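The chain below stands alone and is given as structure tokens, in the form predicted on its own.
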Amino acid sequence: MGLLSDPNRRQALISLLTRLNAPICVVCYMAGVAWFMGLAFEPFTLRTYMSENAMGSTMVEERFPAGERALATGREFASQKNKVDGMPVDWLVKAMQARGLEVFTQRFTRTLPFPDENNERYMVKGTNVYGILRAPRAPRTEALVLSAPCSPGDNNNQAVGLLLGLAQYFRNQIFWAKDIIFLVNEHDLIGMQAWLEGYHHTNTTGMDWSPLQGRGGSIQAALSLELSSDVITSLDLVLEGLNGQLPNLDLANLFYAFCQKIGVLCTIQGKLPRNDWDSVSGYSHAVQTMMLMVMKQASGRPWGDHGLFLRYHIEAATLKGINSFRQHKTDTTTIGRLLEGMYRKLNNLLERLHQSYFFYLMPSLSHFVSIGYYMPAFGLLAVILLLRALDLWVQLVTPAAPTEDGVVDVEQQSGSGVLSVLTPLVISHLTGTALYMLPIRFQEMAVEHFPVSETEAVVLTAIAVYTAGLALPHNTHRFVSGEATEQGWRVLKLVAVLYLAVLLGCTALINFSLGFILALTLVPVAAFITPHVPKVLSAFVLVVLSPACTLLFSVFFFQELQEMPVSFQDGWLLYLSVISQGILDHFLYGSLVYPLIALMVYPCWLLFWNILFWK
């Protein structure tokens, strides 16, 4: 404190920071990237452990015996599904009632803002079927959920069969202290969204659904099951939910503990844990696993039905069966025993899961990186913006050079500075508003005048507005303030740099992965862009580091991480699909990535584009 309270020392520190500003920024950027890459090195991570005492021991005896019967039920469900060409509601109701459950149905309808070409749907109508197993020796104030989506074709039939088999087995047990809800939802996430809104008496997405006639207690935890094979080689744990939310780490720890106990091969991001962390291949494997989690979390979309539970503060995850070339095989009975053990442990909870971490990254199922370890990587990038803001502030408060008659026109500089800031700010944000609103509103007009589908019209309109925005804010300040000044672009850059620092900081607190990826590309732009750099080369670099190109590179990078590389043409089509799905996720489920990019990140980037072409 003495260093900052002494005016002479404070001035010396400011002089040092401004004189070495560029080298310090470069060092901070390299250190931030190196810190983040070092997080996957297992000696720098923490080993997973159970924080909740009620789930600390896996010493329960799992006795689920009905794996073959569950598979037979799944085959019967598949035949009924093919017979009615959709959800066999009547058959499911009778099957759940025969197992002693209180059975209810919920109808829902949803008109999408534009057709979802990936799933070939526009007007969605469906029915959810759920049965409630009432707790025999409890006040029935709490509940657990086991769900299995009714997927098209032959997908997930085994999961529904296992769900019904577990319902029959659980019905004969007397130790349940919580209601257990067995849910089969139609149309995957849309059906789950309708059921959750009906269960919690909310309607945040404008969907039409019938009120639920039966209800259990407050939901404490949920698991979604996806099985599409009679025999699987491994179970994959999916954690990423809506807007980058993650369940409490104890839920992942519980899954890993029972997999270790029962002998089930478990993966995360489809990758097995490895013990050779000290080798190059082991470290590369951990980096790929962690980066896959970062990319999925940054997308903001739910990667399973569990992702929508998290917005209601319900800890949830998806268990996805994988049938690959591995020799290790796991039958349905073993998976049923694993689920039985997990639900018996969740049944022991006296309160919601809260003692472990909610913000973490996982390079493997046995190790994790807590928020205290990965936030410094983002902090090193964010401090660059503060250093550049300090340098700009020092330049602005330094007395300007006098004119020929020895008078400094302070009033003219301040007046033009305010107008120079307000005009680009307003126009940039109006462009961002157009990017957010016009693609949906103009789709019918685009379809009438161009030979494109509604989905293509939305995506192409978004790209057109984005591209047109590069010209709209260009030097518009000159039409209002007359001649552009040297002080004007410094004031605008100071505002833009501080704006970006606050924007990235808030984003990283909600969704670290998204904030970090944006910081990697936008911080270099914000730090070194000025009107005095070479225009053509700088404009090219600025476009390459723009939000749209960052998304394009992320699509190819994600495919490489999944070991499924694509050609440029296929990657471009996938890129267009990602844009349309991002817009749909916002309007269907409330994903915040699309409005964040359109209304805030893109206008902020336009400010730096305007600074580059300042005259």
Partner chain sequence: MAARRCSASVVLLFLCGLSVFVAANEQNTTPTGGYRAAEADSPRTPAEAAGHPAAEDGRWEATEVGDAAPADAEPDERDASRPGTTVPQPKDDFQEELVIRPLHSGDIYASFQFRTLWETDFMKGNKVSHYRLFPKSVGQVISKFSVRELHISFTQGYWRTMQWGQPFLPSPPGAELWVWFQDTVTDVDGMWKELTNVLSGIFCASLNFIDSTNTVQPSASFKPLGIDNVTDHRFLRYATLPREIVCTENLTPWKKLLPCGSKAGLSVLLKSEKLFHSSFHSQAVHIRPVCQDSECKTTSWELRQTLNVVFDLHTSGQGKREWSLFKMFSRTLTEACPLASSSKIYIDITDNPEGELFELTPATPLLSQAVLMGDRRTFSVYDLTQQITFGTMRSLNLLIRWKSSEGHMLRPLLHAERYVAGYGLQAGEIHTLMYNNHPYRSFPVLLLDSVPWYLRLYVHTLTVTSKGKDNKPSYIHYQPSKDRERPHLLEMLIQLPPNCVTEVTVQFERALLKWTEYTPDPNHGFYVGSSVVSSLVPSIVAMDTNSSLERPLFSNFFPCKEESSYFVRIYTEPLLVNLPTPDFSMPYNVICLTCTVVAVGYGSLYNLLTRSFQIEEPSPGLAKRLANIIRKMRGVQPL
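Treat the numbers as computed from the prediction; the structure is a model and nothing was measured. Residue numbers count along the first chain shown, from 1.
Below, we turn to the form predicted in complex with the partner chain, even though it does not appear here.
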Contacting member of Arg99, His367, Lys81, Lys271, with respect to the partner chain in the predicted complex [4.5 Å, heavy atom]: Arg99
Selected contact from Asn119, Gln173, Gln395, Ser210, since only one has a non-hydrogen atom within 4.5 angstroms of the partner chain in the predicted complex: Gln173
Close approach of Pro136 to the partner chain in the predicted complex, 4.5 Å, heavy atom: yes
Partner proximity in the predicted complex: Tyr312 to the partner chain, non-hydrogen atom cutoff 4.5 Å: yes
Interface membership of His201, the partner chain in the predicted complex, 4.5 Å heavy atom rule: yes
Partner proximity in the predicted complex: Asp230 to the partner chain, non-hydrogen atom cutoff 4.5 Å: no
In the predicted complex, segment of 139 to 147, 81 to 89, 318 to 326, 262 to 270 with a heavy atom within 4.5 Å of the partner chain: 139 to 147
Sequence-ordered residues of 437 to 452 touching the partner chain in the predicted complex, heavy atom within 4.5 Å: none
